[in-house]
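First, one chain by itself: the form predicted on its own, in C-alpha cells.
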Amino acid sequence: MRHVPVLLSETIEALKLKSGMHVIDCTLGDAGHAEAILEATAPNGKLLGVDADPEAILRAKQFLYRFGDRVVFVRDNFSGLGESVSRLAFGPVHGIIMDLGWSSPQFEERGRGFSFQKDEPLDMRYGGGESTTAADVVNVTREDELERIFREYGEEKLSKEIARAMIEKRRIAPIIRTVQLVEVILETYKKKLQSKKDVPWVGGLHPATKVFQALRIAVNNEYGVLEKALPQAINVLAPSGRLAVITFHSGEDRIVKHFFKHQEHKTIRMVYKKPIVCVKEEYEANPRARSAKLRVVEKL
C-alpha cells in the first residue's frame, strides 16, 4: 500500500512551481508530494528528497525511478537540512515542503510499534538503531516526566493516571511490546470511566491514540527537529522561494505558527493569512487528513 499525501493539489499550487525549479522535500516518505513536484517542474527541475527512514528512501526510489538523475536522495534527519544543501551544492532552492504527517506504511508495515492495533516491539524509531526506543522511555523515565510527555505531546487528559499505572506495571515486568502498553492504558481508562467495555472509546478515539503519539514525538525528538529545521529552510531558500509546512496536531502547528509570526516582515511574508485545511471529500476518504493544516510563506 502506498501512502496517499494530504493536501497535495493545494501544496503544489501554493509552491507556484515552474519548469526548471529546484525543490526540497524534507519528509520524502512514499514520495507522493515529490512525484507531483517533479511532474510540475519537468523537464529539467530537480528535487532533493530527505528522509531519516532507510526503508522510506528505498520505497521512494522505486516510485521516482522514472525521473532518473533529477532526484537526489539524502538519508538524514531534516534538522541537518542546511548541511545537506551545502554539501550537495543543491540550488538555487525555489521551494521546500515539510509534510509532518506519518505515512501509513510507517505505521502499519514497518513492525516498529507505531500502531496500537498490532502486537509489535515498542520501538517507534524512524531512523534506525542509534536512538532511544519507546520501550526505553516507558521503562526508565521518571513518573513526573512521563506525565509531562503524555500531557504536552499527546494532550492526554489522564496523563498523570497513566504514568502512575505504567510505573506500577513496570515494577512487575518491563513493558516492551505494544499490547502491554495498550493494556495499561485501557485498564486506566476503564477504571476512570467505570466502564466494563473492552475498549471505552473516548470522543471517537481509541484511548491509546494520544499516548502512542506522545511517545513517538518524544522518541524522535520531533519538536526539537522541527525547531531546528525551520530557520534552516528559510536560510537556504532563494528570494521569493516558498516554504510549505503541513502539520497534523496542535503542538507542531503551534511551533510553525509562532516561528512564522516571529519572522514575518523580517525574512518572510505570509502567503495565506489562515492555514489551508482539507475539504470534506478528502477527510472523508482519509480520516487522518481531518486535522491537517497547510501554512505557506515566501522568502523576502
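In case it trips you up, residue 1 is the first one in the sequence shown, and so on. Here the structure is a predicted model, which is why all the values come from computation and not from measurement.
The same protein has a further form, the form predicted together with a small molecule, not shown here; the description that follows concerns it.
For the three residues L122, P174 and A208, a heavy atom within 4.5 Å of the small molecule turns up in the model of the complex in no case. Though the partner is left out of this view, N77 does reach within 4.5 Å of the small molecule in the model of the complex, counting heavy atoms only. T247 falls outside the set of residues with a heavy atom inside 4.5 Å of the small molecule in the model of the complex. Shown alone here, R288 lies within 4.5 Å of the small molecule in the model of the complex, counting heavy atoms only.
In the model of the complex, the small molecule stays beyond 4.5 Å of every heavy atom belonging to L47. The candidate stretches are 254-262, 24-32, 236-244, 271-279, and the one lying within 4.5 Å of the small molecule in the model of the complex by heavy atoms is 24-32.
Between the small molecule and the residues Y153, F212, Y189, W102, the one pair within 4.5 Å by heavy atoms in the model of the complex involves W102. Only one of the listed residues (V72, V202, V225, I167) places a non-hydrogen atom within 4.5 angstroms of the small molecule in the model of the complex, and that residue is V225.
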